[in-house]
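The form predicted alone is given below as one chain in structure tokens.
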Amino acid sequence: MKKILTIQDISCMGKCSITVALPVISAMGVETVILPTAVLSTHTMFKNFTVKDLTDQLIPIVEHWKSEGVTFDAIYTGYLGSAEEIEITKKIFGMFKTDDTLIFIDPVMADNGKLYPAFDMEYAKLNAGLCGSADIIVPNITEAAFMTGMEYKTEYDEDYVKEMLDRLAKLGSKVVVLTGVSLSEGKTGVYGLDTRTGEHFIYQNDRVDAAFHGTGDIFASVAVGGLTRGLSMEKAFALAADYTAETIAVTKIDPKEPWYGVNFEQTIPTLVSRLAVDLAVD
């Protein structure tokens, strides 16, 4: 069985970060090893949440794994709460990366044109440096703007997207994928660049008129799970985009619509079925 290490926080309630990555990737038939950077009572959209920082535990944990001969087929990073955690993550890459290890980075730090409250431009610069260690990065347009120095736009054309991808490519990752790209009304999806071949790929699906916390974590988890199971990039990102959209749509029609996250538990059977079909075709 393939094995993924995911490095990010645990929000005990809220359907994001590790509480999404662990069940979703596991359902895709991949062992999921977690390295929690912090434990939060809820995600940060709740009021009065508690936080226990675990930065000082990260190196002792991975050193124990190393002593036990543990290896990983992929390492997937999400929300990293500090500059120190970024530096530790780089060390972890050095400890466990081989020629066959996929490094997949979701540089979680911003959305809707703004950095999250805990971060500043220095953090964005460090996160950009971390992305240089990756095989694949999946920033949204806001995060890409901060990492490349480009102007953030809500209305743009394909030339803007391609320029942003070219600038992201200069950070050093092999494949750069922009998420939340909308090039026509009512559509949204991903636009990627494989720097090894110079080829672009795009996948768009119908935009669901709703916004929920944690959907980026769902998208990234499905994408890295699909890639680790052997799907092509195009199929892995299409699966991730479709599953995320389906999960938002299912949540939106729930009469008890949870404001703090999506009902991904309901749609996991759909994910497993679609993955089986895609693997059979590939």
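All figures in this text were calculated on a predicted structure; none of them were measured in a lab. Each residue number is its position in the shown sequence, starting from 1.
Missing here is the form predicted together with a small molecule; even so, the following discussion is about that form.
Enquirer: Which of 134 to 142, 69 to 77, 206 to 214, 94 to 102 has heavy atoms within 4.5 Å of the small molecule in the predicted bound form?
Expert: Contact-bearing stretch, as computed: 206 to 214.
Enquirer: Would you classify T19 as touching the small molecule in the predicted bound form, given a 4.5 Å non-hydrogen atom cut-off?
Expert: Flag for T19 set to no.
Enquirer: Does the 4.5 Å heavy atom contact test between V108 and the small molecule in the predicted bound form come out positive?
Expert: Although the small molecule is absent here, V108 would touch it in the predicted bound form, with heavy atoms inside 4.5 Å.
Enquirer: Verify the contact flag for T44: yes if a non-hydrogen atom of it lies within 4.5 Å of a non-hydrogen atom of the small molecule in the predicted bound form, no if not.
Expert: T44: contacts the small molecule in the predicted bound form.
Enquirer: Residue-level contact is defined here as any heavy atom of the residue lying within 4.5 Å of the small molecule in the predicted bound form; does L231 satisfy this criterion?
Expert: Close contact is absent here: in the predicted bound form, L231 is far from the small molecule, nothing within 4.5 Å, heavy atoms only.
Enquirer: Could you check which residue among L40, V30, I248, L239 gets a heavy atom within 4.5 Å of the small molecule in the predicted bound form?
Expert: Spelling it out, the residue with a heavy atom inside the cut-off is L40.
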